[in-house]
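What follows is one chain in structure tokens, specifically the form predicted alone.
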Amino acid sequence: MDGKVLIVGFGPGSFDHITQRARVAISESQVIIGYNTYVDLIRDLLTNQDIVRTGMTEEVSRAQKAVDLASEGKVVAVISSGDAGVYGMAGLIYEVLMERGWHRGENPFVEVIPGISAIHSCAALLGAPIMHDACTISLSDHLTPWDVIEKRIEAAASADFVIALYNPKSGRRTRQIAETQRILLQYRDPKTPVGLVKSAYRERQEVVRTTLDDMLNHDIGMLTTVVIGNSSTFYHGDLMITPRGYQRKYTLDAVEQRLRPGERLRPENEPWSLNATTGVSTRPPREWAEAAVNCLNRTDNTATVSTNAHPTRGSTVRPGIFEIAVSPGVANKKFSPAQLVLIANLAGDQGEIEYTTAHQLVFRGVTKDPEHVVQALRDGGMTVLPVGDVVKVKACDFCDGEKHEGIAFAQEISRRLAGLPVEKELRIGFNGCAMSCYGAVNEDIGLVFRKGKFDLFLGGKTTGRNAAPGQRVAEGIPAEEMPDLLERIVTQYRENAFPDERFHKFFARVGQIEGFDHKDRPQTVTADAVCGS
């Protein structure tokens, strides 16, 4: 009797999203083979089948067992969440069969039963983020070399695909998602919409809507699918939408359209299409594309420039654009009109200037000579520093300089530490007096200057439900000792932090920095309340 291998994709895990064919395949099987979690998810569909459970990383043994049993004449269902042909068991079972000389039509019979893959189930929860060209990339490098994955990420990013990341992070794989973000930020706006969906359509479903530059501030694990928008993706309320392009030819709020049905496919009404010969240029689009590729492949002084000090965290936004932080000084918060005019002139029509909460302007400009821009800004009396995962020194304005005693120490600390590359942005807050009105104690490291001495706070957390000020670990440190002490603290973090580990987590993990002990805060849980209540 011929056996069967039914490779079943049962979707995200909820009964409502299991196809009828998948239900029938499970019911007609004599043996169910699957990862423990998968078996538990379909438990209510099981009757008297034999169950073969395995743990993670045992996919080969599952495939071999399925082929063995089916070769004996049994009907075997190998179950996968999502779609069995998308990072599932379908390909592996075929590979095992081929190793045994099997060909289609021979025993056992094989059927792949499709299911809803994570990219589709998660997109439905987010809105409509994959309305245009999209791709899936698994960040697991257990089987695929990282340099191959890296090339795929860069290719998808440069081609403006909507990207769904599978297996983004695990307990041991933490750097991959950070490296992916770094690559994407070379091609996409930091505010590109990103959806994080954990356990879609299961009991513990979580949906987070964030942005490319902020996504690592949220919990991401093996059960999370990360959906990253393209250059046209936007948020409408909590809906993440990628337009298909209908707005180019249609008036979406009009019943009667400008173009009649027979006119809509004419080349003159699609100047962006391959067949068009008219439009914004006399050259056909194929030539535009070839010219663009040639520009990207050039190795002369039009190549990408990065001023970020971190060797693996370039702050380039796109080829030809460089990015720096500009401020009037660590203690001075006032740009002069002449300085603002200088910044605007250097940015030009193609650049941009972004106000930030770090008492800095982020300057992005297109230039072949970034050194000239940096020198011009410095000649204009401004401080220029790298951006990204670096040390940032944020000081109050010292009451417009009236409380000037601490300014020299703020400047020395900034001179030594500002702009140094770190695993995750580290902010040092500096209050010039005991009033602490600036709120420096909420930063990663907080300094309060009073009567020639410092109070030191470590491990502040400014965002999230568990946001809290740093722990006051010392009082009355002589002011002249503080620059050296801070330098040692930052050096310890730089040298010993895990990839992508924030300072407050590092402090909690190591337990002690420069003789200052970490103390666990009492855990308080409050109910979500209506805003304003």
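It should be emphasised that the depicted structure is a prediction, and the values quoted were computed from it without experimental measurement. Quick note: we count residues from 1 along the sequence shown, nothing fancier.
Not on display, but discussed next: the form predicted together with a small molecule.
- Proximity of G406, V448 and E487 to the small molecule in the predicted complex is absent: no residue of the three has a non-hydrogen atom within 4.5 angstroms.
- The closest heavy atom approach of D83 to the small molecule in the predicted complex falls within 4.5 Å.
- With a 4.5 Å cutoff on heavy atoms, I163 does not count as touching the small molecule in the predicted complex; it lies far away.
- Looking at T225, you'd find a heavy atom of it within 4.5 angstroms of the small molecule in the predicted complex.
- Contact annotation for K333: none of its heavy atoms lies within 4.5 Å of the small molecule in the predicted complex.
- Among K453, R209, K461, K198, the residue placing a heavy atom within 4.5 Å of the small molecule in the predicted complex is K198.
- Residue N167 is the only one of Q181, N167, S436, T192 with a heavy atom lying within 4.5 Å of the small molecule in the predicted complex.
- The chain is drawn here without the small molecule; in the predicted complex, the stretch among 184 to 192, 153 to 161, 99 to 107, 117 to 125 whose residues come within 4.5 Å of it by any heavy atom is 117 to 125.
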